[in-house]
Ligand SMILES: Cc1cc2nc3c(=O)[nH]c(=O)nc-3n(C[C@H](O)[C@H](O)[C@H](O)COP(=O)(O)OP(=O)(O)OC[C@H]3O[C@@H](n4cnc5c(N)ncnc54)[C@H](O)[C@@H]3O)c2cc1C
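In structure tokens, one chain follows: the form predicted on its own.
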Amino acid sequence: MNTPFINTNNQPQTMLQNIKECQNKTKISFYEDSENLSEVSKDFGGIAIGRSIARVYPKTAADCRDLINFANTHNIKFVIRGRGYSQGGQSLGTGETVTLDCSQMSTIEPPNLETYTVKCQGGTDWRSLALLTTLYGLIPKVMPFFPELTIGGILSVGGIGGNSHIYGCTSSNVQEIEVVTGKGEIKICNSHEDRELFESTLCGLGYCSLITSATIDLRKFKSNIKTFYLIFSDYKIWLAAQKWFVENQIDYLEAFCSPTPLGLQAKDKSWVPLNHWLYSLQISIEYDEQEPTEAILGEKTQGGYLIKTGVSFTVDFLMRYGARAQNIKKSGSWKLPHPWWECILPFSTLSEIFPQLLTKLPIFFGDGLTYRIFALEDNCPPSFMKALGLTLGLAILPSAVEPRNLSRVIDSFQKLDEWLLPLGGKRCLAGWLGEMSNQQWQQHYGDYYQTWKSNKKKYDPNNVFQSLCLKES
């Protein structure tokens, strides 16, 4: 890490003096060198550009409390950052903020084998957590798809895994959290004690409190997983199969669809691509000794083609999307923009509009459309917006987009939002959001909006926590 220093980078002298005084009082170093500030000027999405005037690395909840207490009396603003994997500026500064980098808060305690829980700091990544708990025969109930994300980051946006149709979002499976509020108070909260703070922090985007540690629900797992891959040419059969697998609580379920180019066709006096869409399912089942056969799929192979089955270890399976990230890095695409768009829709709505949806997706998205099942149970925190009953998560996750195509991608996302949000769609707050106005936040939260706003005033009255994503709220 670079040596901390205070420079004169054209920031107001009062702000520089406040930062220096905070550093002297708390004994926590602030960093203002170009390397540190350049790293926190961008996130994984590569769309938004932020700016912070300094970067600070707390290691404990007490560090965070001391920093935030000083900020309240000296007008310092913080943006919370884990590893910066947001896609829409959620972890980026507004130009007058200090980046509160939680990446060094990564201590994990041994799991509690009686309660099936594990306590860890908010900067811990899910890979490290799972690798430790598996030594005790336990894994998190819902592992997010990308294991390099941090505990605090995922819990602040919701978190989805391949078994969310059984256990809900990741934030549904937390027994307790330790937070530091915007008022500088360390609080231990759960569903019984300080419930309002507990519920407003989970899926809360760091709007009014910072997650410093969490007690995560664990479960026993079986040693192996067998995966079946089905492909369909009829989307109606594909959708019906998903619904059946959800209702029968198959262990893990993911669904995808992608275009197969057939050539060009004449349309509106021009030539446009002609594509045939294919629809696939990935069904995975844990087992110890008796390996599952395709009989477990019931009649759902009818109308579909079973192209492959595979067997792997459960732990390896949970980390599978880490391999995708490594491939993106090897290809050189890691540093290119990653505009990831996610929307949560009622199953009935998506079933009705799906043919129209396919016509609105431009081919240059690369990976096509990734389509995932979200929670069937209504056990998500109240700030996680979803419809009642079976809801499906729709995600477009291109490996990378060339900068010359970025404006076209964003324009497509905006048009999808304009169409789907009035139909009951809800954004997944981890992805691209665009420049959200107060009106758009109100549309997103609906009846919860006033609670969301009042919690901000209650727990962060001086607006200490800010980000590019929340600057208008």
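A quick note: this is a predicted structure, and the numbers were derived from the prediction, not measured. One rule holds for the numbers: they count along the sequence shown, beginning at 1.
Not pictured, yet referred to below: the form predicted in complex with this ligand.
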{"query": "Options 85-93, 283-291, 218-226, 191-199; stretch whose heavy atom lies within 4.5 Å of this ligand in the model of the complex", "finding": "85-93"}
{"query": "Contact label in the model of the complex: F232 to this ligand, heavy atom within 4.5 Å", "finding": "no"}
{"query": "Contact of V157 with this ligand in the model of the complex (heavy atom, 4.5 Å)", "finding": "yes"}
{"query": "This ligand contact in the model of the complex: W277, any heavy atom under 4.5 Å", "finding": "no"}
{"query": "Proximity of P337 to this ligand in the model of the complex, heavy atoms at 4.5 Å", "finding": "no"}
{"query": "Interface residue in the model of the complex among V409, I68, V40, A430, criterion: non-hydrogen atom within 4.5 angstroms of this ligand", "finding": "A430"}
{"query": "Contact residue in the model of the complex, chosen from G182, P111, P144, G393 - any heavy atom within 4.5 Å of this ligand", "finding": "P144"}
{"query": "Partner contacts for 35-51, taking this ligand in the model of the complex and a 4.5 Å heavy atom cut-off", "finding": "F44"}
